[in-house]
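As structure tokens, one chain now follows by itself in the form predicted on its own.
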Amino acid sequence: MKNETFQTILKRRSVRSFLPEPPKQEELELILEAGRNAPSAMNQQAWHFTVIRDQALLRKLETACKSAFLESTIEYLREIAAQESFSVFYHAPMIVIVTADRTAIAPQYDSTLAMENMLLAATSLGIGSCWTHAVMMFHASERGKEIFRELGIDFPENHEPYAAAVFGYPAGPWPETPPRNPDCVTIIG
């Protein structure tokens, strides 16, 4: 198929190894523009995008978020986080956190739609990305909220983080396409 949009969708993969330099400013602007153009319930656009490129701050946030994995009730997350070499953000040079007004009609869905647009835009530009749920897990705790404030990562009033992903240039080849589940579709009619 020659359709560029469809090819980008099929190419998008979670990249877990990054070069140290962050995406260029013009690439970041395109990624954010893609997020701003996502659908939202009743066109509320109740989201806000927080971009962190400051490496010292990013590493502090990563260390804090790793604790959410270590304290998780999910055994696999605890095991992977206990590995000394494990990096929650995969040493990526940039993270985007999508927050939304929790009083909006569908803040979680709106935020994830915006993030998916950003992930696809990044792929189309040759920039790798990886969803990271650790941000939401950590921020859900009172200690997490407190550490976000201590780090100076403030979100707009009434906003909660609903989506987060790291971005950067891949350090190696683009990840292979894993097998997809052909049985995940039911067509009625």
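Numbers for residues come from their place in the sequence shown, where the first is 1. Everything quoted here is computed from the prediction, not taken from an experiment.
Same protein, other form: the form predicted in complex with a small molecule, not shown, and the subject of what follows.
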* Heavy atoms, 4.5 Å, the small molecule in the predicted complex: which of 39 to 47, 24 to 32, 52 to 60, 129 to 137 makes the cut? Say which one. => 129 to 137
* Contact test in the predicted complex: residue 109 vs the small molecule, heavy atoms, 4.5 Å -> no
* **in the predicted complex, residue 173 touching the small molecule (heavy atom, 4.5 Å)** => no
* Looking in the predicted complex, any heavy atom of residue 148 within 4.5 Å of the small molecule? -> no
* Does residue 69 reach the small molecule in the predicted complex, with heavy atoms at most 4.5 Å apart? -> yes
